[in-house]
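Take a look at this single chain, the form predicted alone, given in structure tokens.
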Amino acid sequence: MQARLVPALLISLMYICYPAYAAHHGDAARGAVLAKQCEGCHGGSGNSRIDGFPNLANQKYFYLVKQLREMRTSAQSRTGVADKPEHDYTELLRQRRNNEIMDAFVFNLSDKDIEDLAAYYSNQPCTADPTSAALTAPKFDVRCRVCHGERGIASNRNVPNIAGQDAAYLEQQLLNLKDASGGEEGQKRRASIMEGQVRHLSEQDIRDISLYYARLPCR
């Protein structure tokens, strides 16, 4: 009896700790209105034209929800006004993401706002069209294909697509994760799986993998 209860309990806890994974609740039409404030950096419909800023169009809904929630938590924590209810399990999570540029945009977002934004962007067509020829895959690309797909389009709903993503953005995220894997203070991003993958990559390796995926078609 107890053996059967354990899986059910774990599933229940997953929905409590990770409510974004339980169901797709976003309203894309409302998200389109909220996204107007994001166009300056992320472009119309989530297709950025500024180096260093990510494309959000056609990104995974659950991934976007998770990232926005983590950035909101970081933004509120920095001000010291974060209001955490007793059932908030975020302190149990090792993975974190913070971005001071995003603070003003995510600070007051509700869970519904985040879900609606994610619904909007995840339903937008990706229009990234690499102008340079595709590169030969680096020898360490096998590290990426397991989760992100053979051509940078992930099948797992919680793993981001990276094909056609901005090269400067990809490079900076990988460098942030490498810093975190080395125990650097003030790291901008934590993700245990990724930290293990980038720990032994050189800066040139990271630059090569970023350019490779940036030149792959996003659709």
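Quick caveat: nothing in here was measured; it's all calculated off a predicted structure. Sequential numbering from 1, following the sequence displayed.
The same protein has a further form, the form predicted together with heme C (HEC), not shown here; the description that follows concerns it.
The listed set 153, 174, 180, 32 contains one residue whose heavy atoms approach heme C (HEC) in the predicted bound form to within 4.5 Å, identified as 174. Heme C (HEC) is not drawn, but in the predicted bound form it has a heavy atom within 4.5 Å of residue 67. In the predicted bound form, heme C (HEC) sits within 4.5 Å of a heavy atom of residue 147.
Of the heavy atoms in residue 101, some are within 4.5 Å of heme C (HEC) in the predicted bound form. At the 4.5 Å threshold, heavy atoms of residue 38 reach heme C (HEC) in the predicted bound form.
Although heme C (HEC) is not shown here, in the predicted bound form the stretch 150-175 places heavy atoms of 158, 159, 160, 162, 165, 169, 170, 173, 174 within 4.5 Å of it, in sequence order.
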